[in-house]
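Heads up, the chain shows up twice below as structure tokens, two forms, tagged structure 1 and structure 2.
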Structure 1
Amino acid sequence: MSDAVFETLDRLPAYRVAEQTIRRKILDGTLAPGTLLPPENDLAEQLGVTRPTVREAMRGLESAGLIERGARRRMAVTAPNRSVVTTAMHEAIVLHGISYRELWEVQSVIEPLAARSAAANITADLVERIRVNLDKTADCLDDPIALAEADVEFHDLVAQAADNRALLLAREPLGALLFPAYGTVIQRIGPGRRLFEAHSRIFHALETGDADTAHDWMNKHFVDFKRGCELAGLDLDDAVAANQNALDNPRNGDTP
């Protein structure tokens, strides 16, 4: 009988062990947002490591958005803001070679869901802000850049109206990579009036609390989004690139 063979145990640097120890206490709720961490000397003593080790651990936690400089120059626990989450998701999407079609498939589920929830939860303030957005959209149907910006703003406002933080965190990094594609569509085939009609129908449904119609029109809008990309000659099977202009790569030359 042969002897058992074991793999060498991973030996993490001390700063990573310290970082993971603090991270666990943050994520399990022991250290709530707003809690001040002990001064460096005290924290080093409690963890049984050196001050430079603590500083390195703090850098990692700060980069992750889990701590920030608080009162009396002490580090305080904080919830990561959405920009940290979005940046991390962007990098993961690019590095995993995810395609624009995959983004569209997910967004075509999330956006109708957001519209349905928004119909039930929209506030008077957001009704007014979307109304202003529609007026802006109507005034820039022939301005591709302004129309693309108004389109992104419309979808952001609908998502805010849904009043669901999980939905906001899920959709923002995906939309930030997918929606710029529509700027190219607008420049090439000018679907401004179709876009405005869809937005208007969705807004009317939100304003009247008609969740089914809001969902259905947002779904139609995203089917139209995909069709517009195809008509503009954009290849949705391309991998998402950090540079959004990478999608501007028509299969067959100029748009018909």
Structure 2
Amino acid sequence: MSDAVFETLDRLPAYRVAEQTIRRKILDGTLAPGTLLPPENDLAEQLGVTRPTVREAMRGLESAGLIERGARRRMAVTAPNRSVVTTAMHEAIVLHGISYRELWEVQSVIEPLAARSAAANITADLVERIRVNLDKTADCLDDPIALAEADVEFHDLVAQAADNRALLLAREPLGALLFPAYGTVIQRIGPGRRLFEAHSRIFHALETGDADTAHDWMNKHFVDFKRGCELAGLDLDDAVAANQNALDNPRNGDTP
């Protein structure tokens, strides 16, 4: 086997070759976001395949968030929406049976970073939105489901305030899967007073631009989270459960 003359050549199906060809032109900048792709017929002719084949290639690109319906019904190149990454990561996490502990470990360093950066970069608009979120949180301390939702939103808002898109990409799916677990904690050990206090403290730190305090309270908040899980008898080593909300609407996400 070692002195073989020919390496096994990869017979990729035509739809994959077509997909790769277009994909590469997008990633190297030849086809910039916004550009309309040629009609399927033209593409088929240019690539030397037929329309069904081109369409299969398009479905791959569409699913990767690299193209989407644009003007004149045509496919347009686009920078992948955040929700594409989120969905991919979400599915990987669930299907690999990744545990809450693994998510928690990562989030427990990312979120304090988010808080710290947010204190330095937060806008008036986001201060206001977090204030609204806090009010909402205060109103539903006893409702596990609503509280979990508000919790996810709070952390999302803080992350947005951090003004770091890499952070946004990396943390969103983790947060969406991790925080809902807090709902169970609430159900078992009572209302989320500690959660609310932590959120409040973080909020005030952000408002006053106090990066260290924001960081430290977020950190404390995470230690608390873990402690809450333990008190509630939750096993952090359980596999993460799919988030039904996020499950339904891939590619209907918010702003890039």
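Here the structure is a predicted model, which is why all the values come from computation and not from measurement. The term rigid core refers to the maximal set of C-alpha atoms that superpose within 1.5 Å between the two forms. Structure 1's sequence is the ruler for residue numbers, which start at 1.
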Study note, to complete from the structure: Form predicted together with the DNA: structure 2
Practice item. Once the core is aligned, please say if the CA of Val49 is shifted by at least 2 angstroms between structure 1 and structure 2. Key: yes
Check your understanding: So with the core overlaid, does the Cα of Pro180 end up 2 Å or more away between structure 1 and structure 2?
Key -> no
Check your understanding: Do you see a C-alpha shift of 2 Å or more at Val109 between structure 1 and structure 2, with the core held fixed?
Key -> no
Practice item. Would you look up how far the C-alpha of Leu95 moves between structure 1 and structure 2 when the rigid core is overlaid, in angstrom? Key: 2.6
